[in-house]
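One chain comes next, on its own, written as structure tokens: the form predicted alone.
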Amino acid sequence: MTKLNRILITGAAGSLGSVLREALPGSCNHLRVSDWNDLGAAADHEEAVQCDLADRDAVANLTKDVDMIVHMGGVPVEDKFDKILHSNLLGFYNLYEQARKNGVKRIIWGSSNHAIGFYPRTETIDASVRPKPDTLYGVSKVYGEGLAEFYFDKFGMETVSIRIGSCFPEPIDRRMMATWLSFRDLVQIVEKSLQAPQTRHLIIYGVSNNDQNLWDNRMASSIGYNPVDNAETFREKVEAATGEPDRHDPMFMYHGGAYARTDHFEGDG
């Protein structure tokens, strides 16, 4: 594998960004890590930059001399629109536009299953379906996928949009038996996205090799993604800790789980 010179990880202080921060140094000569929160001390191979992606000038500097970006920054859950606007819309646009100006080849980023969260669980879908977001957070991921498509078609800047399922050390409820992405498979899907000779704009699902699955992930084979972990390993533990699901509960009726049943986050019904 040919090393890239410099990779930027945004959201590097977050749960998934931290995993990738530890795993990706072997993929590049220089690893630039960024977050709006404290990043701690930089390792010898790192350049640590605290940055708010809504600050256009700061993002212009952040993306200089970068070959590829792994974007895990932004608001990671449903929240008030102003917060999502700040990070997931404005910050996302700034990242793409400044990356374009600085000649970044490719962005790999954490989209979400909540971009398609209102599909019923009775349907197995691939990544070509039209979006059906379940929250404002999900809407922000649809926006991100659309912006990524525009930047490829207009400017030739490549993207891998990874619709992450449920990325935890192990599945913690029955829904995650179908949506779980292990940390090991997260690292693999990002590394494969970095190494692929060409991606254009590729939308794939971030999910492990679970016996239960909501998503046809054949498009991920184009980058060589071959997940090794399976939520089935944890079935006995999960079922012992959780009761039988109510099949009429929106949490178990839709791909988005609990996000499909939540009230509007702004609190006005």
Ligand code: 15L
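All of these numbers come straight from a predicted model, not from anything done at the bench. Counting begins at 1, following the sequence as shown.
This next part talks about the form predicted in complex with the ligand, which is not shown.
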Notebook entry, point to check: Ok, S182, S112, T159, S140: which has a heavy atom sitting within 4.5 Å of the ligand in the predicted complex?
Noted result: S112
Item checked: Partner-facing stretch of 79-87, 93-101, 186-194, 159-167, counted where any non-hydrogen atom is within 4.5 angstroms of the ligand in the predicted complex -> 159-167
Next item on the list: Verify the contact flag for Y259: yes if a non-hydrogen atom of it lies within 4.5 Å of a non-hydrogen atom of the ligand in the predicted complex, no if not.
Entry: yes
Next item on the list: Report yes if any heavy atom of H71 sits within 4.5 Å of a heavy atom of the ligand in the predicted complex; otherwise report no.
Entry: no
Margin query: If we define contact as a non-hydrogen atom of the residue within 4.5 angstroms of the partner, is R106 a contact of the ligand in the predicted complex?
Written below: no
